[in-house]
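Here you get one chain, nothing else, as structure tokens; it is the form predicted on its own.
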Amino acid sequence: MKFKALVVDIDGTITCANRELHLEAVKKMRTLKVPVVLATGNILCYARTTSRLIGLGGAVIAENGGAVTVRYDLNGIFEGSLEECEKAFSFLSKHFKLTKLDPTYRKTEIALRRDFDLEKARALLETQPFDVELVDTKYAIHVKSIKINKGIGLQKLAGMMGLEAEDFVAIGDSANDVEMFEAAGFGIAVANGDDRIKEVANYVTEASFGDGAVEAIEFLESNGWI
């Protein structure tokens, strides 16, 4: 078994608990001979900046699959629109005080501060005809299209790179990484990951956060899989 690339979540996976980049994880990724793609629920410019700071090639998946780009010098490709998300936001705003995060830069979803009753909000949305879902990444609650996720983003980006999604190993920590794990050839959850991502992972590290990412890469190298 040999994989051709990695796709790695950012926050909670290659960071420390305080969201600072984990320098040992950064060093480890820089040594790899295969492409490393960053995948995040955050905005495209954040993903691209992080990729550049780490020293990677610029291929990123942002907004939970809603935005992808394969190089720094290419514009991002955006899937879908905010229309359904805005309808859901307006509806939920009648029941909760909601705060948008990065509204100027988000093109395909709405991110909200995690200060309202998520389960109640989900129950309310089920009574409405919106094709959206609420996903808690532990850093924000995302109002996103059910047709967009990191797995779909990985399939699109893999095609742009001349690869298949199954050629990738995915490393992540959160529920928004589930579809990415399912699309990839192998999925590794770091120890601080939530229960849902651990259920679909092929391997769970003993270490947490960036230490877990280092362990994940060393596990792949020791098996000769990358």
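For every residue, the number given is its place in the sequence shown, counted from 1. Here the structure is a predicted model, which is why all the values come from computation and not from measurement.
Keep in mind that the form predicted together with a small molecule is missing from the display, and what follows is about it.
Residue in contact with the small molecule in the predicted bound form (any heavy atom within 4.5 Å), chosen from F130, F78, F91, Y139: Y139. Residues with any non-hydrogen atom within 4.5 angstroms of the small molecule in the predicted bound form fall in just one of 25-33, 197-205, 155-163, 41-49: 41-49. The shortest heavy atom separation between K144 and the small molecule in the predicted bound form exceeds 4.5 Å.
Although the partner is absent here, V214 lies well away from the small molecule in the predicted bound form, with no heavy atom inside 4.5 Å.
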